[in-house]
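This document starts with one chain, in the form predicted on its own, laid out as C-alpha cells.
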C-alpha cells in the first residue's frame, strides 16, 4: 500500500466547497435563529432560567390563536390535497394533452414559493374591497361580494389566499407518486373484473395513502409556519399565532420577546411533528412505488 505524503493527507476536500455557501446560509439563518428561539423560550429578560414563558401560553387569547392557526392549516391542507390531487390525476391519467403537464409543473414550482407581501398584494388587488374581480362582478353582474358576506381580510379570505401556494405544492409532490402506479396493477384489476372505482378504492388509494397523508402533513406545516402572508393580508384583525408572535417581538414597550420565543417554540414543535410524519410516511410509500 503506497504511503501517503503530507500533502496528500492535508489536501483540502475541494469537492465539498460547492455546498459551503449553503452550509453558511443554513447555519446563519436557520440553525442559529432556531437555537436562539429554543433558549429564549426558557429565559427571563435577565437571562435566568424559567418555565413561566411556556406557562403563559395557557391563556385564552394564545389558546385561541393556536386553535385558529390549527384550523386554518387543517382546512388549507385538506382543500389543497383534494384539489391538487384531482388536478394531478387529471394530468397523469386523464388523457390531457402532453403539452399541459410541463407548463403546469413549471407554474406549480413558481406558485408554491410565491408568498408573503407580493401574494397578499396580488389578492387584495384582485379580490379586495376595490379589487379588479370585486368591482367587475359588481358593475357587470350586480354581484356584491361584500354584501354576500365575503371578506378577503378574514379566515376564509386567508384560506383562499393560502390555497394559491398549497395546491401547487400538492401537485409537485403527488405527481411522482401517481407516476409510480404501475400499469400492470390496473390491468390485473381489470382482468379480475374490477371497475375503475374499485381499482382506485382497493388498489391505488391504499398504495397512495401514505403519500397523501404525508403530503397533508407537509401542507399543514407549510400553512402553520406562514407568517408574512397572514400579517400582510389581515394585519392584527385575525388572531393567529404568527401575528401574536410578531406583536411580541417587534420591539415596542408592550412586547415580551421571551413570550414571543415561547410562541415560536410551540410553532417549531408543531411543524417539526408534521414534517417528521411527512418524512416517515414518505419513506413507507416509496417502498411500494419502487
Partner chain sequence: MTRFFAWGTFLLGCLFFALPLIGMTEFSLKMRRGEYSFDAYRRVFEDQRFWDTFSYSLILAAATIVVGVLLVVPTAYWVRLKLPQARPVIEFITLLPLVIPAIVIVFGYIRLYNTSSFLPLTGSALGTDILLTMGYTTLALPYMYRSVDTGLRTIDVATLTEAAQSLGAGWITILSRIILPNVMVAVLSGAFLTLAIVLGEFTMAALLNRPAFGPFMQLLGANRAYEPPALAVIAFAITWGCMGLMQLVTRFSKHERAKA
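Numbering follows the first chain given and starts at 1. For the two forms, the rigid core is made up of the largest set of C-alpha atoms that agree within 1.5 Å on superposition. All of these numbers come straight from a predicted model, not from anything done at the bench.
We do not show the form predicted together with its partner chain, though everything after this point is about it.
Although the partner is absent from this view, residue 214 stays clear of its partner chain in the predicted bound form, with no non-hydrogen atom inside 4.5 angstroms. Although the partner is absent here, residue 126 sits close enough that one of its heavy atoms falls within 4.5 Å of its partner chain in the predicted bound form. A residue is said to contact a partner when one of its heavy atoms sits within 4.5 Å of a partner heavy atom; residue 133 meets this definition for its partner chain in the predicted bound form.
Proximity of residue 29 to its partner chain in the predicted bound form: non-hydrogen atoms within 4.5 Å are present. In the predicted bound form, the residues of 259 to 278 lying within 4.5 Å of its partner chain by at least one heavy atom are, in order, 260, 261, 264, 267, 268, 271, 272, 275.
Superposition of the core reveals a Cα shift of 2 Å or more for residue 37 between the shown form and the other one. With the core superposed, residue 262 shows a C-alpha displacement of at least 2 Å between the shown form and the other one. Once both forms are fitted on their core, the CA shift for residue 228 between the shown form and the other one remains under 2 Å.
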